[in-house]
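The chain below stands alone and is given in structure tokens; this is the form predicted alone.
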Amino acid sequence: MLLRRAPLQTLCFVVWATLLAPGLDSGQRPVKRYEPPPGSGVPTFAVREPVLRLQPGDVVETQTLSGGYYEVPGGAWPGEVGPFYIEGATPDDTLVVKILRLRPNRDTAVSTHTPGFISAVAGDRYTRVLNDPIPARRYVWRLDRQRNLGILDLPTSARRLEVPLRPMLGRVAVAPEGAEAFGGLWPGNFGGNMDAADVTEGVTVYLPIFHEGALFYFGDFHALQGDAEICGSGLESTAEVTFQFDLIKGKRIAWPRLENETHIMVVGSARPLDNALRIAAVEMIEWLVADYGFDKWDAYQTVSQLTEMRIANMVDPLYSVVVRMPKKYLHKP
């Protein structure tokens, strides 16, 4: 979907910190701090003037944007942070983004039911049904950051939910191919609003690059989100985040990839849902062949029998599926 490009974003507040990010030793370069100015969020993933320039290996402490959405019913969405320009990044390379730290920085999160907006089970702006619209609801969860719990007193069910938080970023992206500009709700091969619950602290995100500098964006912090995000809203809040950026020179990938201590993962986004699954599964098979020495048909059998598949979102303009391969099966005996 081609959308009009947003105005250039030129504000940039950067300071150098003397502390080192988690996981870095004292021999590495100092951490760069970027504080996005209030109101600086952008509505689209697109080519625009960068707000920050970085070298491969740089570590950045930053935060998602706050705004009226989190404070009052009907408040405006704050937009995404970015883009960050990575020096030396070209379309022949892969962008590497390590999420070193991701923590909520407020004591509440909101989750909304919005009639006619997005939903996996009710009529919305993309799927018309004959049923009446769902009622509007706004749930305000308390975040106990000390105990890492989300707490909600259900208003009409006489019960309390206390659940472990699993902080994640719903949106990590590069600028899409060519002159395309996708609204913040869209996922795609550029990343975007994948709403993948695996994009957590400790994960490494691999993204294809379509423009010089990669032009990285992020936002949409969820303190917790169920698979598929069926009501169209996780526990929406704000967070402090520390990234480390790098490049794999001379290597191209077609779709976003993730890696943590136990799994490698691929995210495919499409409609209908089965096409998203196909994209992610084919990309995983090709990954095993290219990087792990599998024969193509052996990889097909391995992916068929050993992968875990989760629906990341089934509410956005495109649906997202994550294919997860346990790393313990990838090493040669």
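We number the residues from 1 along the sequence you see. Only a predicted model underlies this, so the values are computations on that prediction, with no experimental measurement involved.
Unshown form predicted in complex with a further copy of the same chain; subsequent notes refer to it.
Legend entry - Candidate stretches 120 to 128, 199 to 207, 95 to 103, 71 to 79, one within 4.5 Å of a further copy of the same chain in the predicted complex by heavy atom: Contact-bearing stretch, as computed: 120 to 128.
Legend entry - Heavy atom within 4.5 Å of a further copy of the same chain in the predicted complex - the one residue of Val51, Ala281, Ile264, Val47 that qualifies: Flagged contact: Ala281.
Legend entry - Of Ala239, Leu247, Ala228, Leu258, the one that lies within 4.5 Å of a further copy of the same chain in the predicted complex (heavy atoms): The residue in contact is Ala228.
Legend entry - Residue contact check: Arg145 to a further copy of the same chain in the predicted complex, 4.5 Å heavy atom: No, Arg145 is distant from the partner.
Inset, instruction - Considering only heavy atoms, tell me if Leu306 and a further copy of the same chain come within 4.5 Å of each other in the predicted complex. - result: Heavy-atom contact with a further copy of the same chain at 4.5 Å: present for Leu306.
Inset, instruction - Indicate whether Gly234 is a 4.5 Å heavy atom neighbour of a further copy of the same chain in the predicted complex. - result: Result yes; Gly234 sits at the interface with a further copy of the same chain in the predicted complex.
Inset, instruction - Indicate whether a further copy of the same chain has at least one heavy atom within 4.5 Å of a heavy atom of Glu35 in the predicted complex. - result: Taking the distances in the predicted complex, the answer for Glu35 is no, it never comes within 4.5 Å of a further copy of the same chain.
Inset, instruction - Give, in sequence order, every residue of 134 to 156 that has a heavy atom within 4.5 Å of a further copy of the same chain in the predicted complex, or say none if there are no such residues. - result: Sequence-ordered list: Ile134, Pro135, Arg137, Tyr139, Trp141, Leu152, Leu154, Thr156.
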